[in-house]
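Below sits a lone chain in structure tokens, taken as the form predicted on its own.
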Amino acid sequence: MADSYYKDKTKLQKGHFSKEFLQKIAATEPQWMHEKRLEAYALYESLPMPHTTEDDIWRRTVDMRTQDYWRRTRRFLRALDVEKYRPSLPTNGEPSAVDVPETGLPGLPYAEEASGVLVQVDGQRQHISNSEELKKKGVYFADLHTALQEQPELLRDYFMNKAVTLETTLKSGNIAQHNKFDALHGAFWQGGYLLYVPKGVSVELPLRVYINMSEADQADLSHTLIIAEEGSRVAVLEENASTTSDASGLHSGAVEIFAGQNANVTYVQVQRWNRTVWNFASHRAKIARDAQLCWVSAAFGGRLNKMNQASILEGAGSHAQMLGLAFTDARQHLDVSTAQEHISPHTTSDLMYRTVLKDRSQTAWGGNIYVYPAANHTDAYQKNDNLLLSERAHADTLPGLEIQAHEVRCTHGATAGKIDADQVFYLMSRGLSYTQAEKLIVEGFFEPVIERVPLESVREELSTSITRKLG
């Protein structure tokens, strides 16, 4: 990035994530956003890195819940130097025009089937288009910096809303208060987008978002904010990807979804960072009365991935479906924490996460169903299955329940095992090679998740990614 700030070595000595840099990126923003950044920066400065286990500072600073949150990932963070990575600078003007078909970014042929398209590279908006349908129906879809100028009151009500991310009564919120990477994002976020769907509006075609990193040592701190008002319907397909195979990077992102009363929201995020990217993310969804959320998370890339995902069923009759699939290889590390928080009665949630591991990759999944005292007649389920394709792959899985109501139905399950030798033998006896047999078994393993994805184009993309990962 050709900017005098980065050419001044005296400023680089302080690190990119400094208070001075915060003041620079907040210079044109409203005062309330500036204060929100400063609050997050103070938290970021106060928290140690999770890998500082040798010192008493870790135990004095964080509680037992936070220690458990990082337990399976902490040692891998010793190799991470956060200050090596540089965040984007605000452009304070129109983005450079990029013709979508000429960008060469993965997946863009599907852009023709979308009602809106946003392309972001290295934290800067490169392209955005809205269909006539969106404009006529009053749907607002823009990059977050533009939205901050055009819709400041809307962002003030919803952006990093404490009722979702930091309220002490929420179990998932307690973790966010002690997460150094959440604080980093809150202080220095750049990029991302706002989608606002007015009351009663149904968007027929999905919106597509492409968030990409191309430069080496880039920090992507994009923020997704989706607001679907009462009775609305919308689907968003978001892809996070590296455009080069060897450019190192840091992603510290956030997703916030607000599904209003009787709204229907589908959100799909496919992660294809290259194997040198450190990936941290916190995702929250707040679901109102009789609203439905279908949330699909797919992870294929990244050197290290740590994700915290929570669905908060706030209104009676609300429903959340959380689908996840991941395929790791080489020395990739994936650690996912999920929460299904049932606050009101007659709420339902269904979580299914499936992971395939190759080589020396490692995964960890910890999921909790929380049922609050007023949430009688809750029906919640969670399942995590892991398929190991090599002797040195390793998967940890830990489902959990915390129930404070009396009339509920909550169940969970978890499995981890090697590929079935009898299945391989049967397929090879029918003329298939070992590689072909393994491919069929893996595809069959993922099928229960893929078949529940409501959009055909997404099902096709996920199947293609799995095939590519099998090599």
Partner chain sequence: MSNELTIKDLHISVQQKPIIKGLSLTVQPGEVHALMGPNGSGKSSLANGLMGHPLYEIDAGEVIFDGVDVLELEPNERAKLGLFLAFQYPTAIPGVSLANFLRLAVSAVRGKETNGDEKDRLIPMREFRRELREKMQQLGVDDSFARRYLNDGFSGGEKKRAEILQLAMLEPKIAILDETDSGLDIDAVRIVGDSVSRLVGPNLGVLIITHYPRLLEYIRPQFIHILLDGRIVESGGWELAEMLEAEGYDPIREKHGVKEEE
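Residue numbers count along the first chain shown, from 1. All values reported here derive from a predicted model rather than from experimental measurement.
The form predicted in complex with the partner chain exists for this protein as well; it is not shown, and the discussion that follows is about that form.
For the partner chain in the predicted bound form, the listed stretch (432 to 440, 37 to 45, 404 to 412, 23 to 31) containing residues with heavy atoms inside 4.5 Å is 432 to 440.
Contact annotation: residue 49 falls outside 4.5 Å of the partner chain in the predicted bound form, judged by heavy atom distances. At a distance threshold of 4.5 angstroms between non-hydrogen atoms, residue 447 is in contact with the partner chain in the predicted bound form. Contact annotation: residue 456 falls outside 4.5 Å of the partner chain in the predicted bound form, judged by heavy atom distances. The shortest heavy atom separation between residue 427 and the partner chain in the predicted bound form is within 4.5 Å.
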